[in-house]
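Okay, here we've got a single chain as structure tokens, the form predicted alone, with questions on binding and movement later.
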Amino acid sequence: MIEATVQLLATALALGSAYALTALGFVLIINAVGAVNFAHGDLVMAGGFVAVALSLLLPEGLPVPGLILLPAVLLTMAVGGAALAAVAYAPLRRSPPVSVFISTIAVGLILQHAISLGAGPQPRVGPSLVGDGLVDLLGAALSYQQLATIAVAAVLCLAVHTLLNRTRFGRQLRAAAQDPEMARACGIDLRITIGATFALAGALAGGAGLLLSNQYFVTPTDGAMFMLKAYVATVIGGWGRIWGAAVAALCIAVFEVLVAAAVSYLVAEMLLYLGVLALLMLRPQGLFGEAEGRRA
């Protein structure tokens, strides 16, 4: 019983770690521009396919292929996030938020169809972070991949926290998100901060895609599911609450894995969305409260 519980928790934490990275990037964009990036899930999917493509360039037998590719995936998707800002947000920044909704949906569909044409619709498996192997913990056999996924996600979350709270540029990003007019009056270039936020969100999406692509595979149509999980985590954690969304994403994964193991995945999904509906009726500001002025 203990062994099975430890195994399930490890699986849930590994999945939740990737969900947390997805939710972090999603909320960063909401705070930066006051609008939802509906292409965010497709950026996660694209990150998985970037990892798959880059892994084909590596020699066989490398013990840590995913870790070697991680910086390249993060950089590639950061560029993709910045390009998304230039194409789908910058030309519409003075338009109503619905215009950004539509433009990001269009970009997401373009990504989905382009990858379907280039790689085909079949599921692909990404590189493992540290190769095969098992660790015994309280009688449960935990894979190196699960433990590495949790560790890598924790390092990336810590890096984001450090950037936002311990660096001058991070404080500029937060200031621009909290009060754009005051930030502009203080000499902060909002074009740079918004572009950097989209790039950071793209990098986090790429990291999540790499982490998910090995154990859960990746297909061109996965973006909608990743987007929905990020949106649900944001609703549960409190609209605009960065770390509230990350914690909520972990909780979603734990709930899904435990209920799926006890009953089925379909029941887990149904109960999750029923719970979200109940939360919206009883506490629409989310578990941790809604950040003031962030809903759009």
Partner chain sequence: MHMTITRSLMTLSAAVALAIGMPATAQADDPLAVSVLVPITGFLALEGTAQRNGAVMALDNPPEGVRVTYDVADTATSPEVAVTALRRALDRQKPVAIAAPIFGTQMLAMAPIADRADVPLITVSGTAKLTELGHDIVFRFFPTDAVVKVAQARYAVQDLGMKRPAILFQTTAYGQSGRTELVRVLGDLGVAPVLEEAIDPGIKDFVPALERAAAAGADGLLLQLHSGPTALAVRQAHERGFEGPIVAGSALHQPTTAALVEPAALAGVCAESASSPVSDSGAEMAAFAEAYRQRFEAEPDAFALAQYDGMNMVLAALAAGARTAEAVKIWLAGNRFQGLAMEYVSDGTGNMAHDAIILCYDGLTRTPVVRKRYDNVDGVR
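Numbering follows the first chain given and starts at 1. Take the two forms, find the largest set of C-alpha atoms that superpose within 1.5 Å, and that set is the rigid core. What you are looking at is a predicted structure, and each value in this text was computed from that prediction instead of being measured.
Same protein, other form: the form predicted together with the partner chain, not shown, and the subject of what follows.
Although the partner is absent here, residue 15 lies within 4.5 Å of the partner chain in the predicted complex, judged by heavy atoms.
Within 4.5 Å of any heavy atom of the partner chain in the predicted complex lies no heavy atom of residue 191. The partner chain in the predicted complex is approached by residue 124, whose closest heavy atom lies within 4.5 angstroms of it.
In the predicted complex, at least one heavy atom of residue 261 sits within 4.5 Å of the partner chain. Only one of 54, 251, 242, 257 lies close to the partner chain in the predicted complex, with a heavy atom inside 4.5 Å, and it is 257. Checking 191-199, 73-81, 210-218, 153-161 against the partner chain in the predicted complex, the stretch whose residues place heavy atoms within 4.5 Å of it is 210-218. Contacts between stretch 2-24 and the partner chain, counted in the predicted complex as any heavy atom lying within 4.5 Å, involve 4, 7, 8, 11, 15, listed in sequence order. Relative to the superposed core, residue 263 undergoes a C-alpha shift of no less than 2 Å between the shown form and the other one.
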